[in-house]
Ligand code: GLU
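Quick heads-up: it's one chain on its own, the form predicted on its own, in structure tokens.
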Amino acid sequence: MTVVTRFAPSPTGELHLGHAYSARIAWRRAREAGGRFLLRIEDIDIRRCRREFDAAIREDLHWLGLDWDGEVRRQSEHFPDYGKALDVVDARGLIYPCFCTRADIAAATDAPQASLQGPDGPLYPGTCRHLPAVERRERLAAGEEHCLRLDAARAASEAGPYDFFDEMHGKIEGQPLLFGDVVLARKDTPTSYHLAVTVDDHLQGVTLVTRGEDLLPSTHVHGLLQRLLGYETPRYAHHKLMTDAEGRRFAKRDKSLTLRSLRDAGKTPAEVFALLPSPLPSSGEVAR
């Protein structure tokens, strides 16, 4: 099977050393296997994403010598693909409109009985999951702002047990309720991170997802969606995150560590790569 990897940054800032590390891992895994390395621009957050950062991402990768195969996929140009996937899940009665505001959710999750915690904090308590069908129809007809959530318990029941393989941790049993009723379509965007990356990885034929270990919990959601949508589950390699001297992960706010700043300071690509952790994970360094 051909190895297909991808690097999928969001154009909300300039790439930094951590991005270089992640991109090089994906690029190297594809190149050493004679496979394909794809570039995807995850720009569904239309309020924060900017075209100049999109162009800067490509410029930085060219400078590093990390070439990609085929056309660049920009998520904002493929909303119909995500809509089709939503329709499949909706036809099975597994999503519902949520009219809650941030304040509503905060008040509900601050209540003493709201004790369920997920990787990102308190889980959504399912307020709108229990709305009568008539009320839902009336509020939708009135044009009330809403997002679309997955009914995680029902989805888990339909999907049944599932697992995925991570090269650092081996076989991992799926936890479909880890994030609760996740959002599949946001109020301001007709998709969400979880849905978009699941659909994209499938449509692009990605066979190996290399990304930071901070996204390992999200893979439980992606595995659930793959089961519901009838997709193949790729292999995963969640790598360690690069951190500064104080142990803080690199972020786009760290201007001195952006690739553009390093280039402007006279660094060469070889010198940048020398700053990255070594050795990089390779296909021979996997869990058995």
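Sequential numbering from 1, following the sequence displayed. This one's a predicted model, so the numbers in the text were calculated from it and none came from an experiment.
What comes next is about the form predicted in complex with ligand GLU, which is not displayed.
Using a 4.5 Å heavy atom cut-off, which residue among L215, L178, C100, I172 comes into contact with ligand GLU in the predicted complex? Looking at L215, L178, C100, I172 one by one, just L215 meets the 4.5 Å heavy-atom criterion.
Tell me, which of H146, R73, H202, R211 has a heavy atom within 4.5 angstroms of ligand GLU in the predicted complex? Going through each option in turn, the one that passes is R211.
Candidate spot S10, E42 and Y193, all three touching ligand GLU in the predicted complex (heavy atom, 4.5 Å): Yes, the whole trio is in contact, each within 4.5 Å by some heavy atom.
Answer range among 92-100, 122-130, 193-201, 76-84 for contact with ligand GLU, defined in the predicted complex as heavy atoms within 4.5 Å: Selected stretch: 193-201.
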